[in-house]
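One chain is shown next in structure tokens, namely the form predicted alone.
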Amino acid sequence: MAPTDPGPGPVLVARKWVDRRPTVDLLTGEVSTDPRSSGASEADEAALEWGLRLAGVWGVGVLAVTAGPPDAEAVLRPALAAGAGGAVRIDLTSPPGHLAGGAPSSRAVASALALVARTAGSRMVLCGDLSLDRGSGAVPAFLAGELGAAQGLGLVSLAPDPDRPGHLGAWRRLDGGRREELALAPPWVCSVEGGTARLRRAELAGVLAAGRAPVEVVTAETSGPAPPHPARTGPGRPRTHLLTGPDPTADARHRILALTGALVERTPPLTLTLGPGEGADRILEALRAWGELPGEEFP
């Protein structure tokens, strides 16, 4: 007898409790936060709105999750008011022997979120593309690795397939005004930009109910706080290559030609169809020819 498809499960929306108006020391780079100005970022609000939209199309639930202290429940209750069916707060604790203080690493947060996703049977996870404190956008990528899921990061639009729950098209912004189109099937982890959707306004009844709704609390152990980023107070690093200007004694035409590179011999463009290994070798060969890599082989 063939195993039955468990389905995609609820849409898990990860939300981060951050200070939306932090104070930064201009000399040391130290960030000071205030719980009174803390909440969810625009990217996390957009992720929640997309989660509610996808859940409405597919007829599944929405589970809002955050990792942080009890004050972090401030980002869960608005999600319940907007239509989320459940909320989970992960209380991250450090093992004995670690010093107190400091935020957990992105990998530790992703590991804790993955545990909640597996417990809830969720194969669809939505996040904001980056947070307001670190801004690395690393948690969605780490989370996709923890779940063994496909990842669509930095998305600008989503298009759910109404006939196949969990399947959707997605578009990501690329350089040069281009877009990349993705076709995703569960399990997947997606992160969206903050300007892609505006969170719906919750009804008064939902707001009142969310204030009384229980928030499930789970405990996850981390490997200790993330290493602090060293503050750089010295001068900036110079360019890796010395760029010389055109000959000041030349006329204007030759100076313009030198600035635009029209007089420089260039390698003509090539279109190659290669396998992964051959393609990597060809890229390294070109980088060595341009002087970007040493001539010896890597160990």
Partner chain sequence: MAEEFDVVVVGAGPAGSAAALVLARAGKSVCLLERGPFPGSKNMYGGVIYPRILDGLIPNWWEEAPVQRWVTRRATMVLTGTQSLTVDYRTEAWGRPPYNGATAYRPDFDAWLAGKAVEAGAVLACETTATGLLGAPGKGGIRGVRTDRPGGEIGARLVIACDGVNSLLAKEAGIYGKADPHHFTLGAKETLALPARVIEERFGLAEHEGADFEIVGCTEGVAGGGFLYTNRETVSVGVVLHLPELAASKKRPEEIIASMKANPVIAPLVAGGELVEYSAHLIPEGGWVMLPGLVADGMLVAGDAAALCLAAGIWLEGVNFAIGSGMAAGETALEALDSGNVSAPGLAGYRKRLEGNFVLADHRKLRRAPHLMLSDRVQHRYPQMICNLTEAMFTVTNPEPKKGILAHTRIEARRAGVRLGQLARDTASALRTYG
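Numbering follows the first chain given and starts at 1. Please read all numbers here as calculations on a predicted model, not as lab measurements.
Just so you know, the form predicted together with its partner chain exists too; it's not on screen, but the next bit is about it.
S.K.: From the candidate stretches 204-212, 122-130, 183-191, 145-153, select the single one in contact with its partner chain in the model of the complex, where contact means a heavy atom within 4.5 Å.
M.R.: Residues of 204-212 come within 4.5 Å of the partner.
S.K.: Is Arg253 close enough to touch its partner chain in the model of the complex, meaning at least one heavy atom pair within 4.5 Å?
M.R.: Flag for Arg253 set to no.
S.K.: Out of closer and farther, which fits the Cα atoms of Val24 and Glu45 in the model of the complex compared with this form, where the change is 3 Å or more?
M.R.: It is farther: in the model of the complex, the C-alpha atoms of Val24 and Glu45 lie at least 3 Å more apart than they do here.
S.K.: Quick one: Arg20 and Arg198 C-alpha atoms, closer or farther in the model of the complex compared with this form (3 angstroms or more)?
M.R.: Farther, not closer.
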